[in-house]
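Next up is one chain by itself, shown in structure tokens, the form predicted alone.
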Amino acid sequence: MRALDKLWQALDERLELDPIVEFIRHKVVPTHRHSWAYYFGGLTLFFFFVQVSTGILLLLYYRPTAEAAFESVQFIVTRVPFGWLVRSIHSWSANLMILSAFAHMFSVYFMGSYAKPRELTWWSGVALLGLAMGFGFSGYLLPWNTLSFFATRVGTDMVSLVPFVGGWLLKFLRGGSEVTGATLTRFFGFHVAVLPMLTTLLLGFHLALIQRQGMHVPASLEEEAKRRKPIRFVPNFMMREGVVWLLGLAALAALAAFFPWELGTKADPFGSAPAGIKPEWYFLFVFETLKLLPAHIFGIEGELIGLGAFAAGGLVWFLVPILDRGRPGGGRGRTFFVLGWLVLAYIVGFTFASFAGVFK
């Protein structure tokens, strides 16, 4: 114990840790009937940590070339001890991270936590969700199997529809006019360097804002939160968050063990696309919507109008803190409260309908 005390004193003399300790000691978390929503952000962070740790392990064996990518992943899942488990955990945690990020975003939205002075927190959080989906899209190609190859071709084809700069964006993503080994190398660079760097910087900024501003209490629950005693962040809230992390780990372990992530067959650029090819589940609502649109609407390509509508909708969602000056449940805020439920119902409905095969 004396050694630890001396170490603490030495660090405190050099880093002045007392203000941080005092901040943590007095930090509390409000309690009310919707306090459970506070745990989604931490759960998303947990899955991100799992992504980083398992990704580093996979990097020890993965080779990002069209000639060796599939074989290196095959070697990982068949020859490396517990390699199949590490890959399954990496793949499943990516999906669970995006799922928990969506849950976190909608819980923040419905609690009205985007309102002033938390605009920057909302904007950085939406940007982090976009980066998480970028991780999923770029990592999907890396095994270089048939499904990922043709799904990437379809996904990048949509970029070419962007007016004026579509052709340039397509070549930037693919490294050429077609999906080739150059595309795989670029996606690998995005996945292990560019996106992690941007995510780390933005995540640090996002967490700093949350610590600075504290947990938001919805206006309709302020009286209840005043009546109920808040809990201390350390150790009470952290212990509860730890339980949530353990539940997330248990779900992740069960999925990885009982439903190992399949590798499929190696991509053949000259082969035909398999029937019924679809993107990952978090892009299905966009994919199915674009499929339902007619080829041309008022002389304009239907997909172009669809992508424009999604871009406009995403911009409105991003700017909600500016557009909504009322409180959810009353005044002008009522409109955005209902809008949130419509958006959630649309995303969930189209996603499950796609899984059920409603859209042919």
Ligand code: HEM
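Start at 1 with the first residue shown and count on from there. A quick note: this is a predicted structure, and the numbers were derived from the prediction, not measured.
Another form, the form predicted in complex with this ligand, is not on view; read the next lines as being about it.
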Looking at Val159, Leu195, Leu128, Val86 here, can you tell me which has any non-hydrogen atom within 4.5 angstroms of this ligand in the predicted bound form? Leu128
Only one of Arg153, His216, His90, Arg186 comes within 4.5 Å of this ligand in the predicted bound form by heavy atoms, so just point that one out. His216
Determine which one of 262-270, 281-289, 74-82, 100-108 lies within 4.5 Å of this ligand in the predicted bound form, judging by heavy atom distances; exactly one does. 100-108
Using a 4.5 angstroms cut-off on non-hydrogen atoms, would His206 count as touching this ligand in the predicted bound form? yes
Residue-level question: is Thr146 within 4.5 Å of this ligand in the predicted bound form, judged on heavy atoms? no
Closest heavy atom of Trp122 to this ligand in the predicted bound form, within 4.5 Å or not? yes
Could you confirm whether Phe70 comes within 4.5 Å of this ligand in the predicted bound form, counting heavy atoms only? no
